[in-house]
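Single chain ahead, written as structure tokens, the form predicted on its own.
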């Protein structure tokens, strides 16, 4: 269960990571952000960058042919 959701379908790197990071910064420690995106490179880049920032990537799920969700728990 996510505390917040960010739908950034139609966005490309690096904006997918930047927008995700900005929303996560507004959240409390331990809260979960659900990011929905449709740009395949972001499916790899957003989780990688979040881990580098010290956040916890809980899951990467393919929702349909070209849409994914990434669940991120704010860890710092």
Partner chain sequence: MRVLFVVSSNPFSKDYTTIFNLVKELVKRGEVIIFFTGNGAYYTIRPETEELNKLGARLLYCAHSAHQRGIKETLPFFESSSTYNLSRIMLECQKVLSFN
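Numbering follows the first chain given and starts at 1. Quick caveat: nothing in here was measured; it's all calculated off a predicted structure.
Keep in mind the form predicted in complex with the partner chain is missing from the figure; the text below concerns it.
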Q.
I'd like to know if residue 14 sits close to the partner chain in the model of the complex, meaning any non-hydrogen atom pair within 4.5 angstroms.
A. yes
Q.
Using a 4.5 angstroms cut-off on non-hydrogen atoms, would residue 31 count as touching the partner chain in the model of the complex?
A. no
Q) Does the 4.5 Å heavy atom contact test between residue 45 and the partner chain in the model of the complex come out positive? A) yes
Q.
Residue-level contact is defined here as any heavy atom of the residue lying within 4.5 Å of the partner chain in the model of the complex; does residue 52 satisfy this criterion?
A. yes
